[in-house]
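A single chain, nothing else alongside it, follows as C-alpha coordinates in the form predicted on its own.
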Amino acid sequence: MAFLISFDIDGTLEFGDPPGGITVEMVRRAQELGFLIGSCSDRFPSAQKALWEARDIRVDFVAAKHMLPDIRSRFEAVKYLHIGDRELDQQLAEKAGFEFLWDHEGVAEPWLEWLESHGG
(Lines give C-alpha, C1' and ligand atoms only; values in the text may rest on other atoms or scores of the structure.)
Protein backbone atom coordinates (compact mmCIF):
# COMPACT_ATOMS: atom_id res chain seq x y z
CA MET A 1 0.00 0.00 0.00
CA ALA A 2 1.16 3.53 -0.75
CA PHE A 3 2.18 6.51 1.33
CA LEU A 4 0.75 9.92 0.43
CA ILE A 5 2.45 13.30 0.81
CA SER A 6 0.63 16.58 0.29
CA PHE A 7 2.74 19.71 0.01
CA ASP A 8 1.67 23.27 0.65
CA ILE A 9 3.40 25.46 -1.95
CA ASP A 10 4.12 28.97 -0.68
CA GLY A 11 6.66 28.91 2.13
CA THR A 12 7.12 25.14 1.76
CA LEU A 13 8.39 24.28 -1.73
CA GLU A 14 11.48 25.87 -3.25
CA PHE A 15 9.36 27.33 -6.05
CA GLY A 16 6.78 28.86 -3.70
CA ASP A 17 6.37 32.54 -2.93
CA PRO A 18 8.12 32.85 -0.56
CA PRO A 19 10.35 29.89 -1.33
CA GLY A 20 10.55 27.04 1.17
CA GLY A 21 13.15 24.38 1.86
CA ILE A 22 11.53 21.37 0.15
CA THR A 23 13.27 20.95 -3.19
CA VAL A 24 12.01 19.55 -6.46
CA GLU A 25 14.61 16.79 -6.11
CA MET A 26 13.15 15.76 -2.73
CA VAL A 27 9.70 15.54 -4.31
CA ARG A 28 11.07 13.54 -7.26
CA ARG A 29 12.90 11.14 -4.94
CA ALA A 30 9.73 10.46 -2.96
CA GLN A 31 7.75 9.94 -6.16
CA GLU A 32 10.37 7.57 -7.59
CA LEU A 33 10.12 5.54 -4.39
CA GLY A 34 6.38 5.11 -4.94
CA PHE A 35 4.87 7.83 -2.77
CA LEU A 36 1.65 9.44 -3.96
CA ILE A 37 2.54 13.12 -4.38
CA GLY A 38 0.55 16.30 -4.77
CA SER A 39 -0.25 19.70 -3.37
CA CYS A 40 -3.01 21.23 -1.29
CA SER A 41 -2.50 24.95 -1.28
CA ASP A 42 -4.25 28.31 -1.17
CA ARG A 43 -3.52 28.59 -4.89
CA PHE A 44 -6.16 27.59 -7.44
CA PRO A 45 -5.73 23.95 -8.52
CA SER A 46 -5.03 25.06 -12.11
CA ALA A 47 -2.17 27.26 -10.86
CA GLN A 48 -0.79 24.42 -8.76
CA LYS A 49 -0.89 22.07 -11.72
CA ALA A 50 0.95 24.61 -13.89
CA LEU A 51 3.73 24.94 -11.30
CA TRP A 52 4.24 21.16 -11.22
CA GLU A 53 4.10 20.86 -15.01
CA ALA A 54 6.73 23.59 -15.36
CA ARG A 55 9.03 21.31 -13.34
CA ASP A 56 8.07 18.21 -15.31
CA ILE A 57 6.48 16.49 -12.32
CA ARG A 58 3.23 14.58 -12.80
CA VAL A 59 1.44 14.82 -9.48
CA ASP A 60 -1.32 12.49 -8.35
CA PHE A 61 -3.51 15.34 -7.09
CA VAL A 62 -3.88 19.09 -6.64
CA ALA A 63 -6.53 20.70 -4.47
CA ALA A 64 -7.33 23.64 -2.26
CA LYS A 65 -5.91 22.92 1.18
CA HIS A 66 -9.36 22.82 2.80
CA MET A 67 -10.02 19.78 0.53
CA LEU A 68 -7.55 17.51 2.37
CA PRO A 69 -10.45 15.29 3.54
CA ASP A 70 -11.38 14.73 -0.11
CA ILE A 71 -7.81 13.74 -0.96
CA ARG A 72 -7.83 11.25 1.90
CA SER A 73 -11.08 9.71 0.67
CA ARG A 74 -9.79 9.43 -2.92
CA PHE A 75 -6.55 7.60 -2.11
CA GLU A 76 -5.91 4.56 0.01
CA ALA A 77 -2.61 4.85 1.85
CA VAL A 78 -0.77 3.53 4.88
CA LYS A 79 0.05 7.09 5.97
CA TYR A 80 -1.09 10.54 4.96
CA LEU A 81 1.21 13.52 5.44
CA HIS A 82 0.76 17.23 4.79
CA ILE A 83 3.75 19.57 4.93
CA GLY A 84 3.18 23.28 5.41
CA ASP A 85 4.38 26.50 6.98
CA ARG A 86 1.34 27.92 8.77
CA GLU A 87 -0.82 26.98 11.72
CA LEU A 88 -3.78 26.75 9.33
CA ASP A 89 -1.91 24.00 7.44
CA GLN A 90 -1.47 22.10 10.69
CA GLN A 91 -5.10 22.54 11.75
CA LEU A 92 -6.53 21.43 8.41
CA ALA A 93 -4.15 18.49 8.15
CA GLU A 94 -4.92 17.17 11.60
CA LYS A 95 -8.66 17.69 11.14
CA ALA A 96 -8.47 15.58 7.94
CA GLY A 97 -6.53 12.79 9.68
CA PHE A 98 -3.16 13.63 8.14
CA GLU A 99 0.12 13.69 9.98
CA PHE A 100 1.67 17.15 9.79
CA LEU A 101 5.22 18.37 9.41
CA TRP A 102 6.41 21.94 9.40
CA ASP A 103 8.31 22.89 6.24
CA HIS A 104 11.64 23.01 8.11
CA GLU A 105 11.04 19.48 9.46
CA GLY A 106 10.38 18.17 5.96
CA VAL A 107 13.82 19.20 4.75
CA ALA A 108 15.26 16.09 6.46
CA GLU A 109 12.90 13.88 4.37
CA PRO A 110 11.70 11.89 7.41
CA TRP A 111 9.13 10.13 5.22
CA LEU A 112 11.95 8.01 3.79
CA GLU A 113 12.09 6.22 7.15
CA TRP A 114 8.52 5.04 6.55
CA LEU A 115 9.78 2.76 3.80
CA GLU A 116 12.28 1.12 6.14
CA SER A 117 9.71 0.66 8.90
CA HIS A 118 7.26 -0.94 6.44
CA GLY A 119 9.74 -3.29 4.79
CA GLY A 120 10.35 -1.07 1.75
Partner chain sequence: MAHPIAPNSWHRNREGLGIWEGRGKVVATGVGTSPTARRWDERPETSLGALTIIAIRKAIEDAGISPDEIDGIVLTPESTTGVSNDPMSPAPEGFDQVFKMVDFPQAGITRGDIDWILLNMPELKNVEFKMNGPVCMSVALTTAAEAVSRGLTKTCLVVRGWHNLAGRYYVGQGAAALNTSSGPGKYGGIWGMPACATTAMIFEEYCNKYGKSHEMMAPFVVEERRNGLMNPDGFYTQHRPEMITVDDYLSGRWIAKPANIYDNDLPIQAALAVIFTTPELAAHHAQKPVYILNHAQTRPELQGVTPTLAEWEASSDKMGRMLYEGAGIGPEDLSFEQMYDGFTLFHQFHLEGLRFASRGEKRGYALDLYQTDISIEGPNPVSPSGGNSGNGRTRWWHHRDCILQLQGRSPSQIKRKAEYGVSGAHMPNFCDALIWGAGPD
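Computed from a predicted structure; not experimentally measured. Residue numbers count along the first chain shown, from 1.
What comes next is about the form predicted together with the partner chain, which does not appear here.
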query: Contact test, all of 82, 93 and 114, partner the partner chain in the predicted bound form, heavy atom 4.5 Å; finding: no
query: The partner chain contact at residue 72 in the predicted bound form, heavy atom, 4.5 Å; finding: no
query: Non-hydrogen atom contact residue 66 with the partner chain in the predicted bound form at 4.5 angstroms; finding: yes
query: Residue 57 within 4.5 Å of the partner chain in the predicted bound form, heavy atoms; finding: no
query: 4.5 Å heavy atom contact, residue 53 to the partner chain in the predicted bound form; finding: no
query: In the predicted bound form: members of 27-44 within 4.5 Å of the partner chain, any heavy atom; finding: 42, 43, 44
